[in-house]
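The chain below stands alone and is given in structure tokens; this is the form predicted alone.
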């Protein structure tokens, strides 16, 4: 415990305490079942006021990383069994800004699994988003030579499909995926170019949704996402090879 918790050198803010404790939990330095010190002891160890500690602990409990028993102990939970998708962005990148490749692959796989289902439900329920899809497609066509603009428009296209699916669970999952993606959006512009430059496939998806063709919408969505998934997995495989090579060189 003494090696995990370090004095907070910046302002005594609850988010600083929250980040430090969360990182300790995610890294495994604070293990599932471990009991945290009492508020007063934590405040002294971190050199912050008890209010900051109390707020940080409340946020950790809301994130289902700890459990707080009133009048009792505060215990670290196994986040792999209790936490939600809002934790993805924190898991994807460590404190030093390094990408966790396994989490990155998981995000890609989740994206590929959700997209067809989202499109299918949008075709069933989302005729009222067609005008918005048309606006986005017009923007994509007007910016065909600007990959960054296409990238942002593509995200808006999928966000609109999610809205049309009328599924709050998909909405929240998409929010988490989008937040995770935002960390590397600029770095992935070229890798994902084939996906968001496939305007013919976006138009075909829009048309299938407008006609209420659920299975065709799912297929079209899958075809679009697969373009990006293939490219992203190749990037991850390349990074894994580099990591393995570096590890062998250090031996």
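Residue numbers count along the first chain shown, from 1. In this text, all values refer to a predicted model and were calculated from it rather than measured experimentally.
One more form of this protein exists, namely the form predicted together with the DNA; it is left out here, but the text below deals with it.
- Against the DNA in the predicted complex, the set 134, 140 and 154 makes no contact: no member has a heavy atom within 4.5 Å.
- In plain terms, the part of the chain that comes close to the DNA in the predicted complex, with a heavy atom within 4.5 Å, is 39-47 out of 214-222, 187-195, 39-47, 25-33.
- A residue is said to contact a partner when one of its heavy atoms sits within 4.5 Å of a partner heavy atom; residue 160 fails this definition for the DNA in the predicted complex, lying far away.
- Residue contact check for residue 68: one or more of its heavy atoms lie within 4.5 Å of the DNA in the predicted complex.
- In the predicted complex, at least one heavy atom of residue 74 sits within 4.5 Å of a heavy atom of the DNA.
- Looking at residue 13, you'd find a heavy atom of it within 4.5 angstroms of the DNA in the predicted complex.
- Distance criterion of 4.5 Å from any heavy atom to the DNA in the predicted complex singles out 58 from the list 58, 201, 64, 183.
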